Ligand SMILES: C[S@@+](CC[C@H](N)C(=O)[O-])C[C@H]1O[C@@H](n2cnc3c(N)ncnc32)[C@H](O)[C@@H]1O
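The form predicted on its own is given below as one chain in structure tokens.
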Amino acid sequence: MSAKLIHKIELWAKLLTAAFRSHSNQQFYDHISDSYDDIFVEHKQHAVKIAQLLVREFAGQESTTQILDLGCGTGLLSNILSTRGFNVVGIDFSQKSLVLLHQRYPDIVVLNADVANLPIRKACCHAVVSLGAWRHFTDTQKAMDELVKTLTKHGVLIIGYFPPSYAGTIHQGRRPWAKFTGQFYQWVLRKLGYIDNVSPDLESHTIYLAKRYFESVDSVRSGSHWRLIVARNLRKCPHRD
């Protein structure tokens, strides 16, 4: 057995152990924070794609562009954006993840908070990004309401990735039984106290929500199987007045 395979088995063992020891998404991510980047290696391709999109969007303005990384975890995306010159604030509910982020990237500002009540002043962010965290939010309508408050009129929202993978690592595919296995997976997780919405309807619902607030909403290819939702330019929303 190769060392690489042994390492992968060890990571999966840690993932499963953390799942059964935890009773909420927050506890789970606290438990796996030190192995997060090794487990969710596919996230890097999406992080790089998001950075490319934002560099194109704000070319030459990186140093004056404020980005909110919603569900920043241990800082993969936040760091990539920061190294490209953006001003980044990372928000996550996992305190242990934020401690690791701060140790690795001390120049990145981090806040321990929940999406339901973002401690960010209105209309101060030029972009909000959320990689892999969207499927964990209990109320995506509330999440959208909160995050658009932080955006400037011409702000950009990027949410990824779709379709969500089981446990963030196993691609669903399009086989006939995919919907059933997704429902069973979510039922098991609810029994354990987690939320991990891998429904194929999550993408269309998120696009529907985004179109209520943004003038332009696109689906952009990222990697072999996935897409990012990219929304630009806020409509006039009563709750922003």
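Start at 1 and count along the sequence shown; that's the residue number. Every value quoted in this text rests on a predicted model; they were computed, and no experiment measured them.
Here the subject shifts to the form predicted in complex with the ligand, a form of this protein not shown in this document.
K.L.:
I need to confirm a contact call. Of V109, A113, A123, V99, which residue comes within 4.5 Å of the ligand in the model of the complex, counting heavy atoms only?
P.N.:
Checking each option against the ligand in the model of the complex, the one that comes within 4.5 Å is A113.
K.L.:
Would the ligand be touched by all three of D92, G132 and F137 in the model of the complex, meaning a heavy atom each within 4.5 Å?
P.N.:
The answer is yes; D92, G132 and F137 each reach the ligand.
K.L.:
I'd like to know whether V88 contacts the ligand in the model of the complex, with contact meaning heavy atoms within 4.5 angstroms.
P.N.:
Residue-level check for V88: no, no contact with the ligand.
K.L.:
Since only the chain is shown here, I'm wondering whether Y213 would be in contact with the ligand in the model of the complex (any heavy atom pair within 4.5 Å).
P.N.:
Y213: no contact with the ligand in the model of the complex.
K.L.:
Counting only non-hydrogen atoms and a 4.5 angstroms cut-off, does F58 reach the ligand in the model of the complex?
P.N.:
F58: no, not in contact with the ligand in the model of the complex.
K.L.:
Would Y29 count as a contact of the ligand in the model of the complex, using a 4.5 angstroms cut-off between non-hydrogen atoms?
P.N.:
Yes, contact at 4.5 Å.
K.L.:
Just to make sure I understand: among 40-78, which residues lie within 4.5 Å of the ligand in the model of the complex, judging by heavy atoms?
P.N.:
Counting only heavy atoms within 4.5 Å of the ligand in the model of the complex, the contacting residues of 40-78 are H43, G71, C72, G73, L76.
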